[in-house]
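Only one chain is shown below, in structure tokens, and it's the form predicted on its own.
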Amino acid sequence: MNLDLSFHLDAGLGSKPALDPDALHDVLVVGAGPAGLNAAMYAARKGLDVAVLGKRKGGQVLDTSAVDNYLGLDGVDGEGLAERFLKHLSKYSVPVLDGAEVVDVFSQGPVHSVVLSTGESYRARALIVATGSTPRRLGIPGEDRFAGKGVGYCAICDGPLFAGKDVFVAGGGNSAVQAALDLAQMSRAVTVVHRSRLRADQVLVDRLLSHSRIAVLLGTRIVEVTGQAAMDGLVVEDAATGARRALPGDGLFVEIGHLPNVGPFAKRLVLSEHGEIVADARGATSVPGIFAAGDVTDFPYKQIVIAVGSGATAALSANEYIARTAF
């Protein structure tokens, strides 16, 4: 399949009406990643007055080097997928306010208001929070330089790109161990590097330690990612002795968790023990009229296709809520 990805993130969006601070929108979507953009499209298709407030059009998907697990779109990178989402949404003339950071949220009866860092405030009958999450980073030299060039944050997303190669996994929890087990099905060798002991469930640890293609380095810190055009290895340090050594390898998956971007919604909504917004099967949160979708929620799987689906669910639920609520 030859995908034409020649347009840019702002291409095809046309002229959008400015958001009117005095208007009462049906739905405001906070977040412009896959969940938020699909929520906006579904809301628009229901005939609702909807607008999107996003810090970054495309969201976290822009940091994905390749997307090989989105049905029907084989061989597209993250930016290309975001471009397609935005181009599709442009058919519905939905305003997408880029660089919009929500710093406060409050309600007056059934009407919800959000305040931006620039001071503007906007009102809506329903809010959909789709602000995503941010991968925890190691914060070491070379990590940012080789992001997308060997360093990744989603083994299940980018693992197939490292078939037959030598890869590292940073972390010691369930996500890191499961990532190593998944990678071992396709990679030549997998090395788990963790600064202390493994914290994963024992059943996963047993599988990890018994796997013939997985090595485990405990009491070891990663201090640098090395390479030229792409990553070619790591420098690690023994936590007990401080001795350092270089390890060659083709990829590093940092699996030390995500930070949900809850922002000011943390003071209004019930959160999980991991700081994610608790949402039910319909995307409803603890506050009537506020829905949530995508990686910011407590749904366990952080995948693009799941985020897109949850955005549709939240929009349909918001439509039903608006239809039965007196304003």
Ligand SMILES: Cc1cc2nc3c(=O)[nH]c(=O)nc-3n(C[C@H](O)[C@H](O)[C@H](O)COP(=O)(O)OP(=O)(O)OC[C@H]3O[C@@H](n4cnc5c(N)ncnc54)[C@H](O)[C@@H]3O)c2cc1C
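All values reported here derive from a predicted model rather than from experimental measurement. Residue positions are given as counts along the sequence shown, with the first one as 1.
Here the subject shifts to the form predicted together with this ligand, a form of this protein not shown in this document.
Stretch 26-34 is the contacting one of 26-34, 42-50, 270-278, 284-292, since its residues have non-hydrogen atoms within 4.5 Å of this ligand in the predicted complex. Contact check for I128: no non-hydrogen atom falls within 4.5 Å of this ligand in the predicted complex.
In the predicted complex, this ligand sits within 4.5 Å of a heavy atom belonging to A100. This ligand in the predicted complex comes within 4.5 Å of no heavy atom belonging to A318. Contact between T220 and this ligand in the predicted complex is not found at the 4.5 Å heavy atom cutoff. Of the listed positions (L89, C154, L234, A200), a single one reaches within 4.5 angstroms of this ligand by any non-hydrogen atom in the predicted complex, namely C154.
Of the listed positions (S175, S187, T191, S133), a single one reaches within 4.5 angstroms of this ligand by any non-hydrogen atom in the predicted complex, namely S133.
Shown here without this ligand, the chain has A293, G294, D295, K302, Q303, I304, V305, A307 in 289-313 lying with a heavy atom within 4.5 Å of that partner in the predicted complex.
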